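Take a look at this single chain in structure tokens; it is the form predicted alone.
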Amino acid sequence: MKIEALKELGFEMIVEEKGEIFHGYACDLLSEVMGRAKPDTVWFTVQSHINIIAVAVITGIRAIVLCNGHDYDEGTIERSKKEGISLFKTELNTFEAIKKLCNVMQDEIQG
């Protein structure tokens, strides 16, 4: 799935970068994400500080969706632009946001 397709799901794009995602991961514990997330992943979290960008770079995560209506701070936004990580946000909680993504991906698979 192209990263920009996350906009079509209603996620607000904060930083746009091109690329594709093939996996999803939901977690708020950074060490867990570093140890388990795959490259080319979209990561759903409520963490918004600059350290999430470092985790994304280390793991190869391509996009982050910030849930529960939280906002990114300016430092996080600027670092994501520098590192090429797409940022999105949503008012939905993590479960609802992932459910939305899974429904679309399931439709694509069933064709």
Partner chain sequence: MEIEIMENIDDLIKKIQPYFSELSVGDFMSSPVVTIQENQTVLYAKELMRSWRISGLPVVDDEGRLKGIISIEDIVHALENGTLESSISEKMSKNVVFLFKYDKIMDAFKKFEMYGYGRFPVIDEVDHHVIGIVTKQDLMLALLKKLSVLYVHDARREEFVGVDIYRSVPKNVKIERTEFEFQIDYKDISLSGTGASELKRFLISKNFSPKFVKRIAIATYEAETNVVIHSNSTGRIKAYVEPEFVEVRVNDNGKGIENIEMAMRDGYSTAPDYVREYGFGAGMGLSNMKKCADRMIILSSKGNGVFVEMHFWRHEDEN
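Positions refer to the first chain, counted from 1. Being a predicted model, the structure only gives us computed values, none of them experimental.
From this point on, the text means the form predicted in complex with its partner chain, which you will not see here.
**Student:** In the model of the complex, does H49 have a heavy atom within 4.5 Å of its partner chain?
**Tutor:** Looking in the model of the complex, residue contacts with its partner chain include H49, since a heavy atom lies within 4.5 Å.
**Student:** Residue-level question: is R62 within 4.5 Å of its partner chain in the model of the complex, judged on heavy atoms?
**Tutor:** Close contact is absent here: in the model of the complex, R62 is far from its partner chain, nothing within 4.5 Å, heavy atoms only.
**Student:** Is there a heavy atom of D71 no more than 4.5 Å from a heavy atom of its partner chain in the model of the complex?
**Tutor:** It does not: once its partner chain is placed as it appears in the model of the complex, D71 has no heavy atom within 4.5 Å of it.
**Student:** Can any non-hydrogen atom of K38 be found within 4.5 angstroms of its partner chain in the model of the complex?
**Tutor:** Judged by the heavy-atom cut-off of 4.5 Å, K38 is in contact with its partner chain in the model of the complex.
**Student:** Within 26 to 58, which residues have a heavy atom closer than or equal to 4.5 Å from its partner chain in the model of the complex?
**Tutor:** Contacts from 26 to 58: D28, L29, L30, S31, E32, M34, G35, A37, K38, P39, Q47, H49, I50, N51, A54, V55, V57, I58.
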